[in-house]
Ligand code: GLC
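In the block that follows, a single chain appears as structure tokens, in the form predicted alone.
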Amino acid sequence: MRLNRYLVAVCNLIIAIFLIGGLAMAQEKVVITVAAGAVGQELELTREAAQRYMEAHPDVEVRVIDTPDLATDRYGLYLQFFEARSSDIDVYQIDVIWPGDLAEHLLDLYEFGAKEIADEHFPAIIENNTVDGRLVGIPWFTDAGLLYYRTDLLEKYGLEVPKTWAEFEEVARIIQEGERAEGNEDFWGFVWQGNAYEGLTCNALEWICSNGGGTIISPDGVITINNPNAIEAIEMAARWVGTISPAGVTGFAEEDARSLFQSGNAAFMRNWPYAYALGQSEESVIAGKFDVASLPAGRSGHGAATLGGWQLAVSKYSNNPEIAADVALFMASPEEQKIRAIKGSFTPTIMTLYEDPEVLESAPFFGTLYDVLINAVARPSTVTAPNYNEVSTLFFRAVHSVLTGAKDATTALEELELELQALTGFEIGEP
């Protein structure tokens, strides 16, 4: 009996030692927290990358937390952490427009090994992420606005992919009327991002630039938004609301548009490359029935795609900056970008991946997207830093007021011009 009690005690002691040892090992782990996006497959793929890092670095725990889908909301959340000098987040996923605004809170990744790999990325994106000679974000994936279209419906109605916005309106109307006549009253010609947030800035910049209306504020600091071509472009988009686009499009973000298009209830969609892989998935009713093209042209004679994309940045307030930087560089490495490109059609910033056979097989449009990215239109984030967020907010609110019928385009852009001048002090001129 005493022997049994002795054996039980020994077993309990051994279990306790293992538990204490395991706890000690867990306590010794460095915890790195990554604030990431959750649009489409973003969160899932980021967590998979974190798991691969942890397998190679057993002494590190990488925690991935999701952040708001809307870039404007995410920016506000980040500012709360930075203003509090919080060490809770080590690595931030930041928009291509934020380096200038957030640079004071971010570390220089050149000091953590990025010099050796910077030339693998698109030079323009590296330049965009460089503030006063400091690389404050390592490019993770880039973006450009694309036109998604139903190949089966174009064939059904004997139509071609429209090259101009005028052609586009007519083609969208024909398909919408045809599908509704066959009983699908929920079918729409075109879905896009019309909510009052950064996504609307991207959409509206494409309309305006393609129509010869400039880029809101020129790279040399001249306010150009109040001009006839810009007014015409915004009036065109307002005309879509409730006709070829649902009235509720003024509340749509990326996932709202994708949901409607992927359900088979829209002929065209403006969105980013990430939607391609989801649309071709086994669960999608439109798999094999759509493709992508450049956005239509207006008066300029060519389409315009807003340059997007996301970077990984390391907080100046991180308690473990070297490990946090290593996590960021790992996640943005060629191997990880290739996985994201194949699984999620996230557009690489590593130039050689556009020649990779496996990448091109999974997303054939990447072959032509290279040219779109090279010629993409940048938002005026560099010239207006650190006030770009306020500039964009004024812009998308003005455009939204026209889309919802609260103001006419002429009045909205006249008022916007004065507000931008008061904010930036820039001169007013022509595009």
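Quick caveat, the model's predicted, so the values are computed rather than measured. Position 1 is the first residue in the sequence shown; the rest follow in order.
In what follows, reference is made to the form predicted together with the named molecule, a form of this protein that is not presented.
A.B. asks: Have a look at 189, 308, 298, 344 for me and say which one sits with a heavy atom within 4.5 Å of the named molecule in the predicted bound form.
C.D. replies: Flagged contact: 308.
A.B. asks: If you check 198, 206, 90, 336 against the named molecule in the predicted bound form, which one has a heavy atom within 4.5 Å?
C.D. replies: Going through each option in turn, the one that passes is 198.
A.B. asks: The chain here is shown without the named molecule. Which stretch in 96-104, 290-298, 214-222, 178-186 comes within 4.5 angstroms of it in the predicted bound form, by heavy atom distance?
C.D. replies: That would be 96-104.
A.B. asks: I'd like to know whether residue 71 contacts the named molecule in the predicted bound form, with contact meaning heavy atoms within 4.5 angstroms.
C.D. replies: Within the cut-off, so yes.
A.B. asks: Can you work out whether residue 149 and the named molecule are in contact in the predicted bound form, taking contact to mean some heavy atom pair no more than 4.5 Å apart?
C.D. replies: Residue-level check for residue 149: no, no contact with the named molecule.
A.B. asks: Please tell me whether any heavy atom belonging to residue 314 falls inside 4.5 Å of a heavy atom of the named molecule, as the geometry stands in the predicted bound form.
C.D. replies: It does not: once the named molecule is placed as it appears in the predicted bound form, residue 314 has no heavy atom within 4.5 Å of it.
A.B. asks: Quick check on residue 272: any heavy atom within 4.5 Å of the named molecule in the predicted bound form?
C.D. replies: Although the named molecule is absent here, residue 272 would touch it in the predicted bound form, with heavy atoms inside 4.5 Å.
A.B. asks: Give, in sequence order, every residue of 139-165 that has a heavy atom within 4.5 Å of the named molecule in the predicted bound form, or say none if there are no such residues.
C.D. replies: Only 143 sits within 4.5 Å of the partner.
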